[in-house]
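Just the one chain here, laid out as structure tokens, in the form predicted on its own.
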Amino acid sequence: MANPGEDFSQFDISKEEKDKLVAEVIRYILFKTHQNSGCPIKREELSQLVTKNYRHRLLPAYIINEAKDKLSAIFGYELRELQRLRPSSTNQARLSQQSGVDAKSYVIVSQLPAEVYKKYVEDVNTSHLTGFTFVVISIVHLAGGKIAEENLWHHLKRMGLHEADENHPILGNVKQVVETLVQQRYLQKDKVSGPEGTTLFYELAERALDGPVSERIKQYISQIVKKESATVDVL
């Protein structure tokens, strides 16, 4: 992280210029997070904000770290870096072709205690999307971290959610909501060719594998298992 007392004169910019760049990066992060429903922001995008007027190659990293500190101190957000994962079945040629492309991105995560966030920050109008996210991630988690598209929809249909439903009373276009989870990096898609044709798989991505999220998923699954066990005992 950036040291507040670190000498930035090596970049040949004034304190005012530095502060302006930091503020611009913070505004961009907050705006894009709201505009794109929490989808990760590419490091390249933030770097371009800095390098459009300044060419020092180390300046973007310094400014991003300064923005990270201020987001935490002022807004209570952690700017968390995501290292993009590759699908487990992706072949080496594709890995080589995509290396370095979209490798790093950022999301902001609230540092508030869960009960405080739920009481004062959480938007009740989007809580259904959070619930849906947990359900889908849990299904993939229980499948071993990877599931065929057909099997995922089989489980969702049991809950009344259909792939072709574009006007669900709560979720709207259900297939598009699943696609949003891919864009938000909770899931990643991979096509696998076999004797019977091509199969699309959904696999847990970096945000679903993140420590706090993964732990909450395990607790969620554990609670459901306990409730089902209690029901069986009663019967």
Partner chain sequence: MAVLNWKHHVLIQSLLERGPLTEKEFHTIFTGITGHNPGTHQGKFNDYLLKINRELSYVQLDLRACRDQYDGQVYYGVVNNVSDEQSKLGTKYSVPQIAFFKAIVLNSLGSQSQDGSPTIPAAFRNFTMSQKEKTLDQLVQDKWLCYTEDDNIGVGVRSILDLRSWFHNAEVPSCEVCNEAGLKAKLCPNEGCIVRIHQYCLNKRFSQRGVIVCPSCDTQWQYQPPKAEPLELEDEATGPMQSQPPTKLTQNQPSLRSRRKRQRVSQNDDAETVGCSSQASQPSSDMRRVTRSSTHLRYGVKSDVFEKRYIPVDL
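As the structure is a computational prediction, the values presented were derived from the model and not from experiment. Numbering follows the first chain given and starts at 1.
Here the subject shifts to the form predicted together with the partner chain, a form of this protein not shown in this document.
- With the partner omitted here, the stretch from 206 to 214, 34 to 42, 175 to 183, 53 to 61 that lies within 4.5 Å of the partner chain by heavy atoms in the predicted complex is 34 to 42.
- Of the candidates A148, V135, L112, L142, L112 is the one whose heavy atoms come within 4.5 Å of the partner chain in the predicted complex; the others do not.
- Taking the partner from elsewhere, I224 is found to have every heavy atom lying beyond 4.5 Å of the partner chain in the predicted complex.
- Contact annotation for A164: none of its heavy atoms lies within 4.5 Å of the partner chain in the predicted complex.
- Residue contact with the partner chain in the predicted complex: S127 places no heavy atom within 4.5 Å of it.
- Though the partner is left out of this view, K189 does not reach within 4.5 Å of the partner chain in the predicted complex, counting heavy atoms only.
- Annotation for 51 to 77: interface residues with the partner chain in the predicted complex are K70, S72, A73, I74, F75, G76, Y77 [heavy atom within 4.5 Å].
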